[in-house]
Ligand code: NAD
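First, one chain by itself: the form predicted on its own, in structure tokens.
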């Protein structure tokens, strides 16, 4: 089979590999729609995960099951499925502890294009199919459904980690696709004022659609100072970091109130340390909580998010701005995520 792979740091291209083999509880899936992610950019062009050679990229996919292992009960060839970006090993101690994303090691629930070949291939392998796949309802278009696998679950996890209460004021730093879903998640959890931080016109328009009440432009000055000015020096109850470089953590700590929470679902792809400002953290005693988490995956999570889309609680179509037909456009879509033109939110490649 062919796949689009990381050949080394700053190098990507098409390669040939053997078709994967399903174990007794696994499945082999062929993609129907895939989407490159900013994480792929960090992985390839920043070497964020270290050297990877001939590793097939991609972790966002909707597909069709082509083969299942002998012990798979709930899925069969021909089923259309949402494939989560995070596919935990469900028989692990970390699952019992409540952190399936880290099953058998930190971040080890994220397998595609991290520890094993990803979804940008003619076929890809899914571990523990009964626990990691979710049936795709016919009424959800594949180009929208692929947003569930990572963007929606990650953005909503930002709102969950932030522990948003009814009427909470929330700032969302970064209003790309993940940030937009954080805005939607914050609104769904009952936030009052929601301040989105970003500049690209398509993202600003979508942020307002999903529930942002205010927009802060980082090109017009320090975002912490702008948000403190907007809140009469008080700051906000919750901050969700969904984009930006390492210094956004310092800005988030500055703009959150004492007793508030900073939630990070951003992939920090470079540097050895992230900054926490001493004074604004109350010399370590301000009761400002900092949380960071990898998005939840697995079947139950996908089924719950699918229902939010299916029953018109969330409209994912606003996330998809560029649609390609044909697998050969993977590299073009990937470079869009690297260059981030003004009209981009997310590209999708439909495998015709």
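Note that this is a predicted model, so its numbers are computed, not measured. Numbering follows the first chain given and starts at 1.
The discussion below concerns the form predicted in complex with this ligand, not included here.
Chemist: Applying a 4.5 Å heavy atom distance criterion, does residue 37 contact this ligand in the predicted bound form?
Modeler: Heavy-atom contact with this ligand at 4.5 Å: present for residue 37.
Chemist: Taking the shortest heavy atom distance, is residue 174 within 4.5 Å of this ligand in the predicted bound form?
Modeler: The answer is yes: residue 174 has a heavy atom within 4.5 Å of this ligand.
Chemist: May I ask you to check whether residue 267 falls inside a 4.5 Å heavy atom distance of this ligand in the predicted bound form?
Modeler: Within the cut-off, so yes.
Chemist: Applying a 4.5 Å heavy atom distance criterion, does residue 27 contact this ligand in the predicted bound form?
Modeler: Residue 27: no, not in contact with this ligand in the predicted bound form.
Chemist: At 4.5 Å by heavy atoms, is each residue in 77, 90 and 127 next to this ligand in the predicted bound form?
Modeler: No, the whole trio is out of contact, none within 4.5 Å by any heavy atom.
Chemist: Though this ligand is not shown, can you say which of 132, 154, 103, 113 has a heavy atom within 4.5 Å of it in the predicted bound form?
Modeler: Exactly one residue meets the criterion: 154.
Chemist: Check each of 33, 56, 305, 295 and return the one that places a heavy atom within 4.5 angstroms of this ligand in the predicted bound form.
Modeler: Selected residue: 295.
Chemist: Using a 4.5 Å heavy atom cut-off, indicate which stretch of 323-331, 279-287, 39-47, 306-314 touches this ligand in the predicted bound form.
Modeler: Every other range fails; the passing one is 39-47.
Chemist: Would you give me the residues of 62-87 that have any heavy atom within 4.5 Å of this ligand in the predicted bound form, in order from first to last?
Modeler: Counting only heavy atoms within 4.5 Å of this ligand in the predicted bound form, no residue of 62-87 makes contact.
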